[in-house]
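There is one chain below, alone, in C-alpha cells, taken in the form predicted on its own.
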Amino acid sequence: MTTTEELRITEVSVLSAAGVGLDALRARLRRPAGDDGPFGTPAEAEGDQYAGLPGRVAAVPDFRITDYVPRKGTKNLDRSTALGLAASTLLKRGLSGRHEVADASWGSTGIAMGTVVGSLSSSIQLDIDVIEGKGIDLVNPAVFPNTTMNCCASQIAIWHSFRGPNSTVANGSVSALSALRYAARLIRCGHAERMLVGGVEELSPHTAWGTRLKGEVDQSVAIGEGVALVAVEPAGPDAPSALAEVTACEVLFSPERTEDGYAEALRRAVDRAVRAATSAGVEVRLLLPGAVGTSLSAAEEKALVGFDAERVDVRAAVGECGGALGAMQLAAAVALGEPGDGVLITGIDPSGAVAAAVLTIGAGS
C-alpha cells in the first residue's frame, strides 16, 4: 500500500503507562532524555508475583473500566478487553464531539485490533482451573471468551453495535501497523465506512516474566501495557477535519532472521513509504523508531542510516507493550507532529515482520 492519501485519521484515543489521553502521552514523550518519570503500578493483589523481576513494570494508572462504561456486563471482562473497551468508548465520544455521526455510519464501523496473544493471563488461569481440579464442567463459561484472541475486538463491536468487519491481527510488535494496512484495504474495497484501528496489550506477571526471560528487551525498558485506537475514514465532504492522513503503510517479511536480513527488509519498507510521501509532496520531519531498547535496534539503525529527522523513542515513554507498540507510535505521531509534516513510523519483530508507515499531520491535530 503505497498510496492511501484518501484515508484520514479523524480521532485518536490512548491509555498508556503515561496516563489517559494524548496530552498525557505528549507530556511523557517530551520529557528530557533519561527522565521517564513515575509509572503506574500493578494492582496490589499481583504485587508479589513481580517480586524479583528485573527492571520495572508500568501499568495504566488507576484504571477501572467502570469509569468508562456502566458496571453491568463488566464483571468477567479480562484486562485487555477492558482497556480496549475504554479506548473505544473515548474514541467514539471524541469523534461524536467533533462532528455529527449518523447512526448508520456507526453501524458500518469495523475494527482491526493488533495484539501478540490476547489475554495470556486468562488462558493460563483457565488451564490452571481445569488442571487443579475444577475440571472442564465446572469452569465459569463466562470467562472462556477471554481466552480467545479476538475477544477484545468482538466485545468492542458488541458494546457499540458496530457491524463492520471485526478482526484481530497478531504480528508481534508491528501488529497495529499490519492492522492499519488491513483496515485500509477493507475501506477501499467498500467493506466499511470507518475502521477503528489499533493495538492492545495487558500487563500481567506472565507477560512480564516471559519478556524478561527471552532477553529481547533491555532491562532499562519497563514492561508496560496499554491501548491506542485511531479512527480511519475516507476523505469526503461529511468527514471531520483530519488529524492525519495515512500517506503510506508497508508491511514486509525478512526470511533471513539476521541483523543484515532484518535491516534489508526494513530498508525496503522505509524506501517504499518515503517514496510515497515524496510523491505526495510530504517531507518526513519526525521519526518514531520501534526497535530502540531491543535486541533488534542495531538492525533498525542499519536500515535508517543517513535518514535525517528528529527521533523520539516511544517504547521508553510507555514501556514494552507488545502488539500495542505500533498503535502507541500512531498516537505519538499525532501528539507530536506539526501540521503538514510527515512522520515516519518503523518497526521490526523477531518473527521477521517489518513495517514502515508515514502519516501526514493534518490541521485538526
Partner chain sequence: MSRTRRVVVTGLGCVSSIGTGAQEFAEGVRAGRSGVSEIESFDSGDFPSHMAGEVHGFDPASIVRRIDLDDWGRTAHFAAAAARLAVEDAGLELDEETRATTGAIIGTTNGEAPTVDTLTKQWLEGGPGRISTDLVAKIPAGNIAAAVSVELGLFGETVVIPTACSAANYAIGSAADKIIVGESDVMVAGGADSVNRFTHAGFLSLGAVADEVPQPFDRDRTGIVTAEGGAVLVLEELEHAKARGARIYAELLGYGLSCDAHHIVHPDAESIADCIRRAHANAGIEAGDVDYVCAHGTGTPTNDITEVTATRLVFGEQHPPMSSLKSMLGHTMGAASGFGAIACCKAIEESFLPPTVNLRNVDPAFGEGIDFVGSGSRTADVRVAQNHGFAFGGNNAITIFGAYTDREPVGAGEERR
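Just so you know, these numbers come straight off a predicted model, no measurement behind them. Numbering follows the first chain given and starts at 1.
FYI, the form predicted together with its partner chain isn't displayed, but the following is about it.
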Seminar exercise, completed: Interface check vs its partner chain in the predicted bound form: of Val292, Ala280, Leu186, Leu287, the one with a heavy atom inside 4.5 Å is Leu186
Seminar exercise, completed: The listed residue (Thr89, Thr74, Gln219, Thr147) that reaches within 4.5 Å of its partner chain in the predicted bound form by any heavy atom is Thr147
For this session: Look up in the predicted bound form whether Arg93 has a non-hydrogen atom within 4.5 angstroms of its partner chain, and give yes or no.
Result: no
Exercise. Hey, in the predicted bound form, does Gln49 get a heavy atom within 4.5 angstroms of its partner chain?
Worked result: yes
For this session: Verify the contact flag for Arg163: yes if a non-hydrogen atom of it lies within 4.5 Å of a non-hydrogen atom of its partner chain in the predicted bound form, no if not.
Result: yes
Exercise. Hey, in the predicted bound form, does Ser80 get a heavy atom within 4.5 angstroms of its partner chain?
Worked result: no
Exercise. Thinking of Val117, Gln155 and His206 as the candidate spot, does its partner chain come within 4.5 Å of a heavy atom on all of them in the predicted bound form?
Worked result: yes
Exercise. For 173-196: residues with a non-hydrogen atom within 4.5 angstroms of its partner chain in the predicted bound form?
Worked result: Ser178, Arg181, Tyr182, Arg185, Leu186, Arg188, Cys189, Gly190, His191
